[in-house]
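Before any questions on binding or motion, here is one chain by itself as C-alpha coordinates, the form predicted on its own.
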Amino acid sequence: MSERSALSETGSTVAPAPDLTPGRGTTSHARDIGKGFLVKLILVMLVDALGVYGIITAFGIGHWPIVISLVVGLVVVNWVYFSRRMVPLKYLLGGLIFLLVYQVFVMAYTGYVAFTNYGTGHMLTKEQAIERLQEYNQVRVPDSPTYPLTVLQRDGEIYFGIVDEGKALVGSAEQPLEEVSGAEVVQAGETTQRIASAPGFETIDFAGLLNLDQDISTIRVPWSSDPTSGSLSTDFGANGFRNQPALTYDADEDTMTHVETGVIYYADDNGSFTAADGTTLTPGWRVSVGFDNFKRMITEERLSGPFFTAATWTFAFAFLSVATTFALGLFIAITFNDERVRGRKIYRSLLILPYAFPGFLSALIWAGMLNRSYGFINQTLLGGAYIDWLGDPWLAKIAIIGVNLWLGFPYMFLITTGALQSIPSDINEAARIDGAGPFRVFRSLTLPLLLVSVTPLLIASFAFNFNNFSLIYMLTKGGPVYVGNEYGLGSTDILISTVYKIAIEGGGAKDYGLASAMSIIIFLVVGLVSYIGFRRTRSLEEIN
(Lines give C-alpha, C1' and ligand atoms only; values in the text may rest on other atoms or scores of the structure.)
Protein backbone atom coordinates (compact mmCIF):
# COMPACT_ATOMS: atom_id res chain seq x y z
CA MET A 1 0.00 0.00 0.00
CA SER A 2 1.26 3.47 -0.82
CA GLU A 3 1.99 6.15 1.69
CA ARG A 4 -1.24 7.99 0.76
CA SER A 5 -3.48 4.99 1.46
CA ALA A 6 -5.44 5.11 4.71
CA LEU A 7 -8.28 3.41 6.56
CA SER A 8 -11.54 5.20 7.27
CA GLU A 9 -12.98 5.44 10.77
CA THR A 10 -15.45 2.63 9.90
CA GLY A 11 -12.56 0.40 8.89
CA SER A 12 -13.17 0.52 5.13
CA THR A 13 -10.26 1.11 2.80
CA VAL A 14 -9.99 4.63 1.30
CA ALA A 15 -8.53 4.92 -2.20
CA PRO A 16 -5.19 6.75 -2.22
CA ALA A 17 -5.37 10.38 -3.30
CA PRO A 18 -3.76 11.10 -6.66
CA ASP A 19 -0.39 12.79 -6.51
CA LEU A 20 -0.97 16.20 -8.10
CA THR A 21 2.44 17.57 -7.17
CA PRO A 22 4.12 18.93 -10.34
CA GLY A 23 7.57 17.69 -10.92
CA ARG A 24 9.60 14.87 -12.28
CA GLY A 25 7.82 12.33 -14.52
CA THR A 26 7.69 8.62 -14.00
CA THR A 27 9.57 7.71 -17.12
CA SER A 28 12.90 8.77 -18.52
CA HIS A 29 14.01 9.51 -22.07
CA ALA A 30 16.18 6.42 -21.94
CA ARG A 31 13.03 4.20 -21.74
CA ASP A 32 10.56 6.39 -23.67
CA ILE A 33 12.06 7.06 -27.09
CA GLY A 34 9.14 7.65 -29.43
CA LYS A 35 8.71 9.45 -32.74
CA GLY A 36 8.03 12.74 -31.00
CA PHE A 37 11.24 12.52 -29.02
CA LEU A 38 13.24 11.72 -32.15
CA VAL A 39 11.74 14.72 -33.98
CA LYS A 40 12.56 16.93 -30.98
CA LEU A 41 16.06 15.50 -30.83
CA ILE A 42 16.69 16.25 -34.53
CA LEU A 43 15.37 19.82 -34.24
CA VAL A 44 17.46 20.55 -31.17
CA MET A 45 20.50 19.04 -32.91
CA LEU A 46 19.95 21.45 -35.83
CA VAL A 47 19.67 24.36 -33.42
CA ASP A 48 22.86 23.21 -31.67
CA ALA A 49 24.67 22.91 -35.01
CA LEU A 50 23.70 26.45 -36.03
CA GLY A 51 24.61 27.71 -32.59
CA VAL A 52 28.03 26.04 -32.61
CA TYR A 53 28.69 27.47 -36.10
CA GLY A 54 27.81 30.91 -34.78
CA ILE A 55 30.06 30.45 -31.75
CA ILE A 56 33.02 29.42 -33.91
CA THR A 57 32.47 32.36 -36.28
CA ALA A 58 32.08 34.88 -33.47
CA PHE A 59 35.11 33.42 -31.68
CA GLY A 60 37.15 33.82 -34.88
CA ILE A 61 36.49 37.56 -35.03
CA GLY A 62 36.78 37.99 -31.26
CA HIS A 63 33.19 39.08 -30.65
CA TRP A 64 32.87 37.82 -27.08
CA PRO A 65 29.35 39.14 -26.26
CA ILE A 66 27.92 37.07 -29.13
CA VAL A 67 29.95 34.02 -28.05
CA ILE A 68 28.65 34.26 -24.47
CA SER A 69 25.05 34.88 -25.64
CA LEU A 70 25.09 31.86 -27.97
CA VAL A 71 26.62 29.58 -25.31
CA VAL A 72 24.01 30.63 -22.74
CA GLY A 73 21.23 30.31 -25.32
CA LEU A 74 22.24 26.76 -26.30
CA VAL A 75 22.49 25.67 -22.67
CA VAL A 76 19.01 27.05 -21.96
CA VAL A 77 17.49 25.46 -25.09
CA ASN A 78 18.89 22.00 -24.28
CA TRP A 79 17.93 22.28 -20.61
CA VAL A 80 14.36 23.36 -21.35
CA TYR A 81 13.61 20.85 -24.10
CA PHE A 82 15.14 17.84 -22.30
CA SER A 83 13.83 18.58 -18.80
CA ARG A 84 10.46 17.32 -17.58
CA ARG A 85 10.16 20.25 -15.17
CA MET A 86 10.13 22.90 -17.92
CA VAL A 87 6.95 21.92 -19.81
CA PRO A 88 5.31 25.42 -19.87
CA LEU A 89 8.59 27.08 -20.86
CA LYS A 90 8.89 24.80 -23.89
CA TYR A 91 6.01 26.68 -25.51
CA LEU A 92 7.34 30.11 -24.56
CA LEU A 93 11.08 29.79 -25.14
CA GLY A 94 11.01 30.36 -28.91
CA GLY A 95 8.95 33.53 -28.58
CA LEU A 96 11.11 34.76 -25.71
CA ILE A 97 14.28 34.29 -27.77
CA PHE A 98 12.82 36.22 -30.73
CA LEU A 99 11.59 38.91 -28.32
CA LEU A 100 15.08 39.29 -26.88
CA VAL A 101 16.82 39.31 -30.27
CA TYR A 102 14.44 41.41 -32.36
CA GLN A 103 13.03 43.76 -29.73
CA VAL A 104 15.09 44.05 -26.57
CA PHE A 105 18.51 43.79 -28.25
CA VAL A 106 17.56 46.15 -31.12
CA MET A 107 16.19 48.75 -28.70
CA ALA A 108 19.20 48.49 -26.41
CA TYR A 109 21.68 48.71 -29.31
CA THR A 110 19.82 51.67 -30.82
CA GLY A 111 20.04 53.39 -27.45
CA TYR A 112 23.78 52.66 -27.27
CA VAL A 113 24.47 53.94 -30.81
CA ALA A 114 22.49 57.14 -30.14
CA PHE A 115 25.17 58.21 -27.66
CA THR A 116 28.14 57.53 -29.95
CA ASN A 117 29.60 59.04 -33.12
CA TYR A 118 29.02 55.74 -35.00
CA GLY A 119 28.83 56.44 -38.73
CA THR A 120 30.90 56.78 -41.87
CA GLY A 121 34.48 57.50 -40.85
CA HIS A 122 33.90 56.33 -37.27
CA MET A 123 32.93 52.65 -37.57
CA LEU A 124 36.16 51.09 -36.29
CA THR A 125 37.81 50.70 -32.95
CA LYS A 126 40.83 52.88 -32.31
CA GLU A 127 43.26 49.99 -32.93
CA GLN A 128 41.58 49.17 -36.24
CA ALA A 129 41.59 52.84 -37.28
CA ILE A 130 45.35 53.11 -36.65
CA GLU A 131 45.95 50.00 -38.77
CA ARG A 132 43.79 51.37 -41.62
CA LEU A 133 45.53 54.75 -41.53
CA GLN A 134 48.93 53.10 -41.90
CA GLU A 135 47.65 50.70 -44.54
CA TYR A 136 45.91 53.31 -46.71
CA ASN A 137 48.56 56.03 -46.39
CA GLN A 138 51.73 54.64 -47.93
CA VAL A 139 54.41 56.38 -49.99
CA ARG A 140 57.38 55.35 -52.06
CA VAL A 141 60.49 56.53 -50.27
CA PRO A 142 63.65 57.33 -52.32
CA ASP A 143 65.58 54.24 -51.22
CA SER A 144 62.70 51.80 -51.44
CA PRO A 145 63.60 48.44 -53.08
CA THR A 146 62.60 47.79 -56.73
CA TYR A 147 61.74 44.34 -58.09
CA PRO A 148 61.09 42.97 -61.61
CA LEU A 149 57.31 42.46 -61.51
CA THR A 150 55.08 39.78 -63.02
CA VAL A 151 51.36 40.48 -63.28
CA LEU A 152 49.27 37.37 -62.76
CA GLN A 153 45.56 36.64 -62.79
CA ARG A 154 43.38 34.05 -61.06
CA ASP A 155 39.57 33.93 -60.98
CA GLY A 156 39.43 37.46 -62.39
CA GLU A 157 41.61 38.91 -59.61
CA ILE A 158 44.95 40.62 -60.33
CA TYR A 159 48.05 39.38 -58.48
CA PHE A 160 51.59 40.78 -58.35
CA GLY A 161 54.55 38.39 -58.30
CA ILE A 162 58.17 39.17 -57.38
CA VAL A 163 61.31 37.32 -56.32
CA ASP A 164 62.76 38.53 -53.00
CA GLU A 165 65.79 36.86 -51.41
CA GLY A 166 65.34 33.89 -53.73
CA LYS A 167 61.68 33.35 -52.80
CA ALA A 168 58.82 33.63 -55.30
CA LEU A 169 56.15 35.81 -53.65
CA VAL A 170 52.61 36.38 -54.97
CA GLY A 171 49.83 38.54 -53.53
CA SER A 172 46.80 40.65 -54.40
CA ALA A 173 45.09 43.71 -52.97
CA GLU A 174 43.14 41.40 -50.65
CA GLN A 175 45.91 38.89 -49.91
CA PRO A 176 49.40 39.79 -48.58
CA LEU A 177 52.47 38.49 -50.39
CA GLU A 178 53.22 34.85 -49.65
CA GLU A 179 55.63 32.31 -51.05
CA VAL A 180 54.37 30.18 -53.93
CA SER A 181 55.88 26.74 -54.44
CA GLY A 182 56.52 25.42 -57.95
CA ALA A 183 56.89 28.86 -59.55
CA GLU A 184 59.23 29.11 -62.57
CA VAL A 185 61.86 31.79 -61.89
CA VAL A 186 64.07 33.26 -64.61
CA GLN A 187 67.01 35.67 -64.51
CA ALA A 188 65.94 39.29 -65.17
CA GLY A 189 69.33 40.98 -64.64
CA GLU A 190 72.70 40.40 -63.15
CA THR A 191 71.33 40.28 -59.61
CA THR A 192 67.57 40.18 -60.04
CA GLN A 193 65.07 37.49 -60.95
CA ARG A 194 61.50 37.43 -62.26
CA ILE A 195 58.60 34.94 -62.00
CA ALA A 196 57.93 33.45 -65.45
CA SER A 197 54.91 31.40 -64.36
CA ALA A 198 53.24 30.16 -61.22
CA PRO A 199 50.96 27.12 -60.81
CA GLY A 200 47.28 28.09 -60.70
CA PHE A 201 47.93 31.59 -62.10
CA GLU A 202 47.70 33.03 -65.62
CA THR A 203 50.66 35.22 -66.56
CA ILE A 204 49.62 38.47 -68.25
CA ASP A 205 52.04 39.81 -70.87
CA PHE A 206 52.40 43.43 -71.99
CA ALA A 207 49.63 43.15 -74.60
CA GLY A 208 47.35 41.67 -71.95
CA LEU A 209 48.08 44.56 -69.60
CA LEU A 210 46.80 47.02 -72.23
CA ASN A 211 43.50 45.15 -72.44
CA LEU A 212 42.87 45.01 -68.68
CA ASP A 213 39.79 46.85 -67.43
CA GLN A 214 41.49 47.56 -64.11
CA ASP A 215 44.17 50.23 -63.63
CA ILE A 216 47.03 48.24 -62.09
CA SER A 217 48.76 51.42 -60.88
CA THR A 218 46.03 51.78 -58.23
CA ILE A 219 46.62 48.30 -56.75
CA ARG A 220 48.42 48.07 -53.42
CA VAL A 221 49.48 44.55 -52.38
CA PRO A 222 50.18 44.30 -48.62
CA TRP A 223 53.74 43.14 -47.95
CA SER A 224 52.50 41.11 -44.96
CA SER A 225 49.59 41.00 -42.52
CA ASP A 226 51.39 43.74 -40.52
CA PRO A 227 50.24 47.09 -42.02
CA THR A 228 53.50 48.77 -40.91
CA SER A 229 55.53 46.50 -43.23
CA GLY A 230 54.43 48.45 -46.32
CA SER A 231 53.01 47.39 -49.68
CA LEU A 232 53.97 46.58 -53.26
CA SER A 233 52.81 48.77 -56.17
CA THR A 234 53.73 49.41 -59.79
CA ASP A 235 53.45 52.13 -62.42
CA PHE A 236 53.21 50.19 -65.69
CA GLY A 237 53.53 46.53 -64.67
CA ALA A 238 57.27 46.12 -65.42
CA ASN A 239 58.71 46.87 -61.99
CA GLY A 240 57.32 46.76 -58.47
CA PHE A 241 58.16 49.20 -55.68
CA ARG A 242 57.98 48.64 -51.97
CA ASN A 243 56.07 51.45 -50.26
CA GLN A 244 56.37 52.43 -46.63
CA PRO A 245 53.61 53.79 -44.32
CA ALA A 246 53.41 57.57 -44.56
CA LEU A 247 52.16 57.76 -40.96
CA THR A 248 53.92 56.45 -37.87
CA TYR A 249 52.06 55.97 -34.61
CA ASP A 250 53.54 56.93 -31.22
CA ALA A 251 51.63 54.94 -28.60
CA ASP A 252 53.18 56.88 -25.68
CA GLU A 253 52.13 60.29 -27.03
CA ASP A 254 49.03 58.93 -28.83
CA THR A 255 49.96 60.79 -32.00
CA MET A 256 50.37 60.13 -35.72
CA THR A 257 53.32 61.71 -37.54
CA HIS A 258 53.65 62.09 -41.32
CA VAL A 259 57.11 60.86 -42.34
CA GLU A 260 57.44 63.33 -45.25
CA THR A 261 55.87 66.53 -43.91
CA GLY A 262 56.54 65.97 -40.21
CA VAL A 263 53.00 67.08 -39.34
CA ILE A 264 51.83 65.64 -36.01
CA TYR A 265 48.18 64.56 -35.60
CA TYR A 266 46.84 64.34 -32.04
CA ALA A 267 44.03 62.05 -30.88
CA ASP A 268 40.99 64.16 -29.90
CA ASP A 269 37.74 63.53 -28.03
CA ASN A 270 35.79 63.19 -31.30
CA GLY A 271 37.54 59.95 -32.28
CA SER A 272 39.98 61.40 -34.85
CA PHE A 273 43.62 62.34 -35.28
CA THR A 274 43.68 66.10 -35.83
CA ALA A 275 46.59 68.40 -36.69
CA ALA A 276 47.12 71.89 -35.31
CA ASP A 277 45.65 73.44 -38.48
CA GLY A 278 42.42 71.42 -38.06
CA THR A 279 43.27 68.80 -40.68
CA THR A 280 41.74 65.43 -39.74
CA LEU A 281 42.83 61.94 -40.72
CA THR A 282 40.20 59.49 -41.95
CA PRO A 283 39.05 56.99 -40.74
CA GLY A 284 38.49 57.80 -37.08
CA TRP A 285 37.08 55.55 -34.34
CA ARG A 286 33.95 55.19 -32.23
CA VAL A 287 33.68 57.21 -29.03
CA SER A 288 30.89 58.19 -26.68
CA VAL A 289 29.53 61.67 -27.39
CA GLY A 290 26.90 61.91 -24.66
CA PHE A 291 23.83 63.89 -25.72
CA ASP A 292 25.58 65.60 -28.66
CA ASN A 293 23.44 63.81 -31.27
CA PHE A 294 20.27 65.08 -29.57
CA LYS A 295 21.70 68.60 -29.36
CA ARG A 296 22.61 68.57 -33.05
CA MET A 297 18.94 68.27 -34.03
CA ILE A 298 18.37 71.67 -32.42
CA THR A 299 21.66 73.54 -32.70
CA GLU A 300 23.02 72.60 -36.15
CA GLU A 301 21.54 74.86 -38.78
CA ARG A 302 21.69 72.23 -41.52
CA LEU A 303 19.67 69.82 -39.34
CA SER A 304 17.38 71.91 -37.16
CA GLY A 305 15.31 73.38 -40.00
CA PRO A 306 14.61 70.09 -41.84
CA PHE A 307 14.13 68.26 -38.51
CA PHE A 308 11.44 70.61 -37.14
CA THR A 309 9.77 70.81 -40.56
CA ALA A 310 9.68 67.01 -40.76
CA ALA A 311 8.38 66.74 -37.17
CA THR A 312 5.56 69.22 -37.84
CA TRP A 313 4.65 67.56 -41.13
CA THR A 314 4.73 64.13 -39.45
CA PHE A 315 2.16 65.17 -36.84
CA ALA A 316 0.00 66.85 -39.49
CA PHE A 317 0.25 63.87 -41.84
CA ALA A 318 -0.61 61.33 -39.13
CA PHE A 319 -3.52 63.40 -37.78
CA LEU A 320 -5.01 64.25 -41.19
CA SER A 321 -4.60 60.66 -42.38
CA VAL A 322 -6.60 59.34 -39.42
CA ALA A 323 -9.19 62.14 -39.53
CA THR A 324 -9.89 61.99 -43.27
CA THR A 325 -9.97 58.21 -43.55
CA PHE A 326 -12.16 57.89 -40.44
CA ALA A 327 -14.58 60.58 -41.65
CA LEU A 328 -14.95 59.06 -45.12
CA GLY A 329 -15.12 55.49 -43.83
CA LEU A 330 -17.76 56.43 -41.22
CA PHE A 331 -19.83 58.35 -43.78
CA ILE A 332 -19.86 55.39 -46.16
CA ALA A 333 -20.55 52.96 -43.31
CA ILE A 334 -23.55 55.00 -42.11
CA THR A 335 -24.82 55.26 -45.69
CA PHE A 336 -24.68 51.54 -46.35
CA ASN A 337 -25.93 50.69 -42.86
CA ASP A 338 -29.31 52.07 -43.87
CA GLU A 339 -31.60 49.18 -44.81
CA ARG A 340 -33.27 51.31 -47.46
CA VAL A 341 -30.12 51.15 -49.65
CA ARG A 342 -30.38 48.28 -52.12
CA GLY A 343 -27.37 46.21 -53.20
CA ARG A 344 -25.44 47.03 -50.06
CA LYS A 345 -23.38 43.82 -50.16
CA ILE A 346 -22.14 44.57 -53.67
CA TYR A 347 -21.22 48.16 -52.82
CA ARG A 348 -19.46 47.08 -49.63
CA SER A 349 -17.45 44.49 -51.54
CA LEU A 350 -16.38 47.04 -54.16
CA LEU A 351 -15.40 49.63 -51.57
CA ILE A 352 -12.86 47.40 -49.85
CA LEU A 353 -10.99 46.69 -53.10
CA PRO A 354 -8.32 49.40 -52.47
CA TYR A 355 -7.59 47.60 -49.20
CA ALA A 356 -6.96 44.36 -51.09
CA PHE A 357 -4.05 45.75 -53.16
CA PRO A 358 -0.54 45.99 -51.67
CA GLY A 359 -0.04 49.51 -50.35
CA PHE A 360 3.40 50.05 -51.91
CA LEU A 361 2.07 48.95 -55.33
CA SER A 362 -0.87 51.37 -55.11
CA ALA A 363 1.54 54.17 -54.15
CA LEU A 364 3.70 53.45 -57.22
CA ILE A 365 0.62 53.48 -59.48
CA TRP A 366 -0.51 56.78 -57.99
CA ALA A 367 2.99 58.22 -58.52
CA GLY A 368 2.61 57.45 -62.22
CA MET A 369 -0.93 58.84 -62.37
CA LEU A 370 0.22 62.09 -60.74
CA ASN A 371 3.17 62.52 -63.08
CA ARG A 372 3.44 66.09 -64.27
CA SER A 373 3.99 65.37 -67.99
CA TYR A 374 2.18 62.15 -68.84
CA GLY A 375 0.15 61.23 -65.76
CA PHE A 376 -3.51 60.19 -66.06
CA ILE A 377 -4.65 62.99 -63.72
CA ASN A 378 -3.19 65.83 -65.80
CA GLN A 379 -3.57 64.36 -69.28
CA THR A 380 -7.03 62.80 -69.04
CA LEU A 381 -8.97 64.21 -66.09
CA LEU A 382 -7.64 67.79 -66.32
CA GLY A 383 -7.44 68.01 -70.12
CA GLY A 384 -3.67 68.24 -70.51
CA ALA A 385 -2.97 70.55 -67.57
CA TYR A 386 0.63 70.94 -66.42
CA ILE A 387 0.33 70.65 -62.64
CA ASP A 388 3.44 69.54 -60.78
CA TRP A 389 1.68 67.42 -58.16
CA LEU A 390 4.83 65.81 -56.79
CA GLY A 391 7.31 68.62 -57.48
CA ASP A 392 5.66 71.44 -55.54
CA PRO A 393 6.03 71.21 -51.71
CA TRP A 394 2.38 71.96 -50.90
CA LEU A 395 0.85 70.02 -53.79
CA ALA A 396 3.02 67.03 -52.88
CA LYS A 397 1.66 67.10 -49.31
CA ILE A 398 -1.93 67.32 -50.61
CA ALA A 399 -1.24 64.44 -53.00
CA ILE A 400 0.10 62.30 -50.14
CA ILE A 401 -2.97 62.97 -47.98
CA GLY A 402 -5.23 62.17 -50.96
CA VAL A 403 -3.48 58.92 -51.82
CA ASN A 404 -3.47 57.84 -48.18
CA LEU A 405 -7.20 58.59 -48.05
CA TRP A 406 -7.68 56.21 -50.97
CA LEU A 407 -5.58 53.54 -49.26
CA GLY A 408 -6.98 53.98 -45.73
CA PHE A 409 -10.71 54.59 -45.95
CA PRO A 410 -11.65 50.89 -46.61
CA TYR A 411 -10.09 49.94 -43.25
CA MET A 412 -12.09 52.62 -41.43
CA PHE A 413 -15.19 51.61 -43.39
CA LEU A 414 -14.82 48.02 -42.19
CA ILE A 415 -14.28 48.77 -38.51
CA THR A 416 -17.00 51.44 -38.31
CA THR A 417 -19.47 49.15 -40.09
CA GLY A 418 -18.87 46.48 -37.48
CA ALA A 419 -19.11 48.99 -34.63
CA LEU A 420 -22.35 50.48 -35.97
CA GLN A 421 -23.97 47.05 -36.26
CA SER A 422 -23.07 46.31 -32.62
CA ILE A 423 -25.02 49.36 -31.32
CA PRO A 424 -28.52 48.29 -30.20
CA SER A 425 -31.17 49.78 -32.50
CA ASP A 426 -33.65 50.32 -29.65
CA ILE A 427 -31.44 53.13 -28.27
CA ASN A 428 -31.84 55.14 -31.46
CA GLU A 429 -35.57 54.32 -31.56
CA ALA A 430 -36.00 55.61 -28.01
CA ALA A 431 -34.15 58.82 -28.87
CA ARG A 432 -36.33 59.42 -31.92
CA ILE A 433 -39.48 58.83 -29.84
CA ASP A 434 -38.19 61.50 -27.43
CA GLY A 435 -37.99 63.91 -30.35
CA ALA A 436 -34.25 63.82 -31.19
CA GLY A 437 -33.38 64.52 -34.82
CA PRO A 438 -30.91 62.44 -36.90
CA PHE A 439 -27.96 64.79 -36.23
CA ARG A 440 -28.66 64.87 -32.48
CA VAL A 441 -28.92 61.08 -32.40
CA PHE A 442 -25.60 60.78 -34.22
CA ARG A 443 -23.81 63.39 -32.07
CA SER A 444 -25.14 62.31 -28.68
CA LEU A 445 -25.56 58.54 -29.07
CA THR A 446 -24.06 56.94 -32.16
CA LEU A 447 -20.68 58.71 -32.22
CA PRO A 448 -19.87 58.31 -28.45
CA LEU A 449 -20.83 54.62 -28.52
CA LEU A 450 -18.85 54.18 -31.71
CA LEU A 451 -15.72 55.78 -30.26
CA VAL A 452 -15.73 53.38 -27.31
CA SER A 453 -14.89 50.50 -29.63
CA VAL A 454 -12.87 52.22 -32.38
CA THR A 455 -10.70 54.63 -30.36
CA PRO A 456 -7.94 52.04 -29.73
CA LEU A 457 -7.91 51.34 -33.46
CA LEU A 458 -7.67 55.06 -34.23
CA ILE A 459 -4.68 55.31 -31.89
CA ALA A 460 -3.06 52.37 -33.65
CA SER A 461 -3.78 54.01 -37.01
CA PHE A 462 -2.11 57.23 -35.81
CA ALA A 463 0.97 55.31 -34.71
CA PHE A 464 1.07 53.45 -38.04
CA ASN A 465 0.81 56.63 -40.10
CA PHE A 466 3.38 58.34 -37.88
CA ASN A 467 5.86 55.79 -39.28
CA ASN A 468 4.25 55.27 -42.72
CA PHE A 469 7.58 55.08 -44.51
CA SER A 470 6.45 53.04 -47.53
CA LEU A 471 3.85 55.59 -48.72
CA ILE A 472 6.26 58.54 -48.50
CA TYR A 473 9.13 56.67 -50.10
CA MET A 474 7.12 55.10 -52.93
CA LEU A 475 5.18 58.27 -53.79
CA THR A 476 7.63 61.18 -53.44
CA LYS A 477 10.83 59.75 -51.89
CA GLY A 478 10.52 62.67 -49.48
CA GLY A 479 10.83 65.25 -52.28
CA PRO A 480 10.95 67.87 -53.50
CA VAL A 481 14.46 67.91 -52.04
CA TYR A 482 15.82 70.96 -50.23
CA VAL A 483 18.50 72.62 -52.35
CA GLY A 484 21.97 71.90 -51.02
CA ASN A 485 20.90 69.55 -48.22
CA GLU A 486 23.72 67.02 -47.81
CA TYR A 487 21.38 64.28 -46.57
CA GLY A 488 18.93 64.68 -49.48
CA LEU A 489 16.05 65.63 -47.17
CA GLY A 490 12.89 67.03 -48.75
CA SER A 491 9.60 68.80 -48.05
CA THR A 492 7.51 65.64 -47.61
CA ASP A 493 9.96 63.69 -45.50
CA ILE A 494 8.46 62.49 -42.23
CA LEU A 495 10.64 61.64 -39.26
CA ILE A 496 11.07 57.97 -40.14
CA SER A 497 12.10 58.71 -43.75
CA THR A 498 14.47 61.37 -42.38
CA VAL A 499 16.06 58.70 -40.20
CA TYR A 500 16.37 56.39 -43.21
CA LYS A 501 18.11 59.01 -45.34
CA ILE A 502 20.53 59.99 -42.59
CA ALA A 503 21.38 56.36 -41.81
CA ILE A 504 21.21 54.66 -45.20
CA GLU A 505 20.55 56.73 -48.29
CA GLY A 506 22.01 60.15 -47.49
CA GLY A 507 24.17 61.65 -50.19
CA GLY A 508 26.93 62.39 -47.68
CA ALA A 509 28.25 60.40 -44.77
CA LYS A 510 26.03 57.87 -42.98
CA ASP A 511 25.41 59.08 -39.45
CA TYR A 512 24.04 56.14 -37.48
CA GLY A 513 24.42 57.92 -34.14
CA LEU A 514 22.21 60.82 -35.21
CA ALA A 515 19.69 58.48 -36.86
CA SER A 516 19.46 56.41 -33.67
CA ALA A 517 18.88 59.55 -31.59
CA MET A 518 16.01 60.50 -33.92
CA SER A 519 14.59 56.98 -33.63
CA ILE A 520 14.47 57.38 -29.86
CA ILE A 521 12.58 60.67 -30.26
CA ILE A 522 10.05 58.93 -32.54
CA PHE A 523 9.68 56.08 -30.05
CA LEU A 524 9.01 58.49 -27.18
CA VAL A 525 6.49 60.53 -29.18
CA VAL A 526 4.52 57.49 -30.37
CA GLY A 527 4.61 56.01 -26.88
CA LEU A 528 3.39 59.25 -25.31
CA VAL A 529 0.57 59.71 -27.83
CA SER A 530 -0.53 56.10 -27.36
CA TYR A 531 -0.46 56.46 -23.56
CA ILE A 532 -2.56 59.63 -23.62
CA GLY A 533 -4.95 58.08 -26.14
CA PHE A 534 -5.57 54.99 -24.06
CA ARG A 535 -6.04 57.11 -20.95
CA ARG A 536 -8.73 59.05 -22.80
CA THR A 537 -10.34 55.79 -23.91
CA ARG A 538 -11.09 54.92 -20.29
CA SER A 539 -13.25 58.04 -19.97
CA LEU A 540 -15.25 56.97 -23.03
CA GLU A 541 -15.88 53.54 -21.48
CA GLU A 542 -17.93 55.24 -18.75
CA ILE A 543 -20.60 55.90 -21.40
CA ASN A 544 -21.44 52.20 -21.39
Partner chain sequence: MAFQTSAPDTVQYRDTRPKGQLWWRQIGWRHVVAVALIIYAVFPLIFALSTSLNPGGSISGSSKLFQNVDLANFKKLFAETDFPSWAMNSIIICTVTALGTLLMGASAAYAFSRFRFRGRHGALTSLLIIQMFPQMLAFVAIFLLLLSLGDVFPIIGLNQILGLIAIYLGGSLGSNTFLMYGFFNTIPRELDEAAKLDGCTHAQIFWQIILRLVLPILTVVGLLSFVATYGDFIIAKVVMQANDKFTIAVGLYQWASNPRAVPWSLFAAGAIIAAIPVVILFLFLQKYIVSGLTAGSVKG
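Numbering follows the first chain given and starts at 1. Here the rigid core means the biggest group of C-alpha atoms that line up within 1.5 Å when the two forms are laid on top of each other. Since this is a predicted model, take the numbers as computed values, not measurements.
Here the subject shifts to the form predicted in complex with its partner chain, a form of this protein not shown in this document.
- None of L351, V180, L449, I130 but one reaches within 4.5 angstroms of its partner chain in the model of the complex through a heavy atom, and that residue is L351.
- Taking a 4.5 Å heavy atom cutoff to its partner chain in the model of the complex, the contact residue among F291, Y386, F357, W394 is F357.
- Contact with its partner chain in the model of the complex, defined as a heavy atom within 4.5 Å, is made by none of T218, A238 and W285.
- With the partner omitted here, the stretch from 358-366, 251-259, 153-161, 180-188 that lies within 4.5 Å of its partner chain by heavy atoms in the model of the complex is 358-366.
- For the chain shown alone, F319 is not a contact residue for its partner chain in the model of the complex, no non-hydrogen atom being within 4.5 angstroms.
- The closest heavy atom approach of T380 to its partner chain in the model of the complex falls within 4.5 Å.
- When contacts are judged by a 4.5 Å heavy atom cut-off, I496 counts as touching its partner chain in the model of the complex.
- When its partner chain is considered in the model of the complex, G408 lines it closely, a heavy atom lying within 4.5 Å.
- Residues of 98-129 lying near its partner chain in the model of the complex, listed in sequence order, are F98, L99, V101, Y102, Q103, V104, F105, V106, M107, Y109, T110, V113, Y118, the criterion being any heavy atom within 4.5 Å.
- After superposition on the rigid core, displacement of the C-alpha of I521 between this form and the one not shown stays below 2 Å.
- Put the two forms on the same core and the Cα of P65 is off by 2 Å or more between this form and the one not shown.
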